[in-house]
Each structure stands twice: as C-alpha cells, then as structure tokens.
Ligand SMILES: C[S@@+](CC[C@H](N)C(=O)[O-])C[C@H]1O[C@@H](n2cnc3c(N)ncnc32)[C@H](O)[C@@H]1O
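There is one chain below, alone, in structure tokens, taken in the form predicted alone.
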C-alpha cells in the first residue's frame, strides 16, 4: 500500500481520537477491534479508513504483552509529542524531500504519524532501536503498509553517523534523549547536521536516566551551532522539551 493515499492528510484531532481508542483497546487486553468499529463512524477518516483498518488487523497477531507495549507507544503523550515534532519541523524544512533517521525508533510511531499527517511524507524513514524485537514488530505492522518506513537494530551510541552523507537531506531525530545515559553520543553526530531532539522531566520512570527540567537545560546538554526552534509542550504527566537545529 502506498504511503500517500488520495484524500489528503488525516486531521490531527482524528489522529488523536483514533490512537486514543486504539491505545485503550490494546491496554485492556483487546486486539484493537473497537478502534476499527470507531473508524466506521468517522467521516473524517474517509478514504484512509481501509489503511487504518489494515493497521488494526496487523495488531491482532501480537501477544498480550506486545499489545500492552504498543498501547504505550500510541498513548496520548507519545502521540501529541510526535505530532508537535512533525508540525514544527515541517515549518523549517521540506519533509517531502527529506530522509529521517529516527534513533530509538521503537515501533516506528513517528514515521507512522508522518505518513498520516503529511501530504508528501519523507521518501525514506529509518528507525534504529537497540531492541530488534520491536523493529520486527514495527516492520510487520507498520512497514508492511508503508514502503517508506524501514527498521534496523543498532545502538545509537555506537553508530557511524557518517552514513548520513548517503541520505538525501538527512535529518537525525531522537525523541528519547531521557533514555540515553551516554553523554557522548551527541558528539558523534557530524557538526552541522540538522537534528531534532526531545527529552522530558518525567523522573518517575526508572528508564528515564537523563531527564532535563527545562528547555534551557536541554540546550546546555545538547549544544547546537544554530537553533531553529526551542520549546516545551505541557502534557498530562510531564513537560516535553524539543530542540530543532544544527549540531
């Protein structure tokens, strides 16, 4: 199935409602079929309804543990953070001509949302995660629907970021800076590389080993030669902080 479906972009409110329904169904032990039923009552889903239904069908093959994990990946805070990223980044570059390298890509929710929200999504979006299992699930559930979404397992602290030179208009994206204890991974990214970084102040999660308490702290920890955007987003349980600029 093509990444671009006639009928244009999904409205942000429809994306939020659908992912909330999907997360709720998966979290409570279902397979997402309530989300499929919800789709049939939503005129705004229109010509993309079959596409979204295929996604729900793909989730039916996951184990209960995997469904719960996917439910977290599409919860409200996760989705709002990524929609914010897509909106802000699209103001600073032509994403239709870009290639995205998504570090800590998990199941590939950012590329999924980019395909839903952008009339011309990036031609190539590569998700890299240290856990090969999530990449396998992402490739089966999301990559099978969108030929522009790819997966590779790898440790972002050991990547050779010179590979970016082979990506046309490459953009490095890390929405999980709070998970990375290594202080030196950022210095491995080539100077001048366009990048997007997100972190948060949710210190209650034991996996969050490198939180920040303000966007200024994120700027100090991840210095850039030029900053195109710096801001914060208030979410239900945390603040999300984001930088867009050149390393």
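As the structure is a computational prediction, the values presented were derived from the model and not from experiment. Positions refer to the first chain, counted from 1.
Same protein, other form: the form predicted in complex with this ligand, not shown, and the subject of what follows.
In the predicted bound form, no heavy atom of residue 147 sits within 4.5 Å of this ligand. In the predicted bound form, at least one heavy atom of residue 155 sits within 4.5 Å of a heavy atom of this ligand. Contact annotation for residue 130: at least one heavy atom lies within 4.5 Å of this ligand in the predicted bound form.
When contacts are judged by a 4.5 Å heavy atom cut-off, residue 115 does not count as touching this ligand in the predicted bound form. The contact with this ligand in the predicted bound form, taken as any heavy atom within 4.5 Å, belongs to 134 out of 86, 134, 164, 141. For this ligand in the predicted bound form, the listed stretch (116 to 124, 78 to 86, 91 to 99, 164 to 172) containing residues with heavy atoms inside 4.5 Å is 78 to 86. Taking this ligand as positioned in the predicted bound form, the only residue of 214 to 246 that brings a heavy atom within 4.5 Å of it is 240.
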